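Just the one chain here, the form predicted alone, laid out as structure tokens.
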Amino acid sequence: MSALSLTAHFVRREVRNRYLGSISGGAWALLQPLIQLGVYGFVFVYVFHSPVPGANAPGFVPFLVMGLWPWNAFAEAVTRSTTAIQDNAALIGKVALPRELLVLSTVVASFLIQILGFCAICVALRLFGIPIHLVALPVALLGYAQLFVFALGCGLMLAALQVFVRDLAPALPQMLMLWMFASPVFYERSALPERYQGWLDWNPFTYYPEFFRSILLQSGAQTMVAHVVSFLVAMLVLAMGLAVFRRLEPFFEDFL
């Protein structure tokens, strides 16, 4: 089988296994983020009485969608791909195949599911009268493509390290939660004290919520420098992930 056919097979297997035995089936891919969005929206709007972020933002819920859904795609892809090699130890010992495909298929499945949910919620919000610029949705998908590259690089690196450091996967959710709150998912840059706002530029995920909000909500703007730097960071992380993965790959079978 070709690499493309193998990847498609593993993606189908990944999606099928996630929802095998689930009553809602694949609908859970949309229901879970919607429930999460509803909980966060209720807590921040009705409990904490958070003001609408940004001068041009149409409301807190659409503002949150543009940060939370990309984060869910990234966090799910990284979390699941971290154990991709470990979970397929039996397969690796019996079948000769490019091990990178196991990580790639996990990241593809995560992004495919999350992107479908993101497009559905954007259309739904527009039908409810929220001024989301759906004509910019193809550009948003380009943003997801770049985020995919970034997540794949992280996934390759962590999947390789997880074979040797088994404490990594249990600690990852806590690290990702800290990263999420250090990113402008629930707030915008201007909500921080001015002396701290520049620190967000050192967070590689900061670009993505601000990108989706700028093109789909017309809230805020980004410079060409931000686009270029974010693209270069994503490519650099992918290159680093591949380098670490291929450096450690010859020793996988000894530790699985």
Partner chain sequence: MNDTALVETRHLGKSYPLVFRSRDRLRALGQLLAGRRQVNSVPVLEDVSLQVRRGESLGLIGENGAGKSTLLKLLTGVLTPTTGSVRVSGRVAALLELGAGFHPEYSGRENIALSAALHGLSATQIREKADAIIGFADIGRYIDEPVKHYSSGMVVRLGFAIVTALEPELLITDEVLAVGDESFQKKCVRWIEDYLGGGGTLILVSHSMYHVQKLCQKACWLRSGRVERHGDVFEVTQAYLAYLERKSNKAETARGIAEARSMLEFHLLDLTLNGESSDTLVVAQGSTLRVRTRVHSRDGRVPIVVFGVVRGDGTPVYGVSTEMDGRAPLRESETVYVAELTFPELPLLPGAYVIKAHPLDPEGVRLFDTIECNLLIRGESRELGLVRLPHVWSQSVPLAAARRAADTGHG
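Residue numbers count along the first chain shown, from 1. Note that the structure is a prediction, hence the values are computed from the model and not measured.
Omitted from view is the form predicted in complex with the partner chain, to which the following refers.
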**Request:** Examine Arg99 and determine whether its closest non-hydrogen atom to the partner chain in the predicted complex is within 4.5 angstroms.
**Result:** yes
**Message:** So, Leu91 and the partner chain: in the predicted complex, are they within 4.5 Å at any heavy atom pair?
**Reply:** yes
**Request:** Answer yes if any heavy atom of Val165 is within 4.5 Å of a heavy atom of the partner chain in the predicted complex; otherwise answer no.
**Result:** yes
**Message:** At 4.5 Å between heavy atoms, is Val95 in contact with the partner chain in the predicted complex?
**Reply:** yes
**Message:** Counting any non-hydrogen atom inside 4.5 Å, which residue from Leu161, Met180, Cys154, Ile115 sits next to the partner chain in the predicted complex?
**Reply:** Leu161
**Prompt:** In sequence order, which positions of 218 to 256 have a non-hydrogen atom within 4.5 Å of the partner chain in the predicted complex?
**Reply:** Val244, Arg247, Leu248, Pro250, Phe251, Glu253, Asp254, Phe255
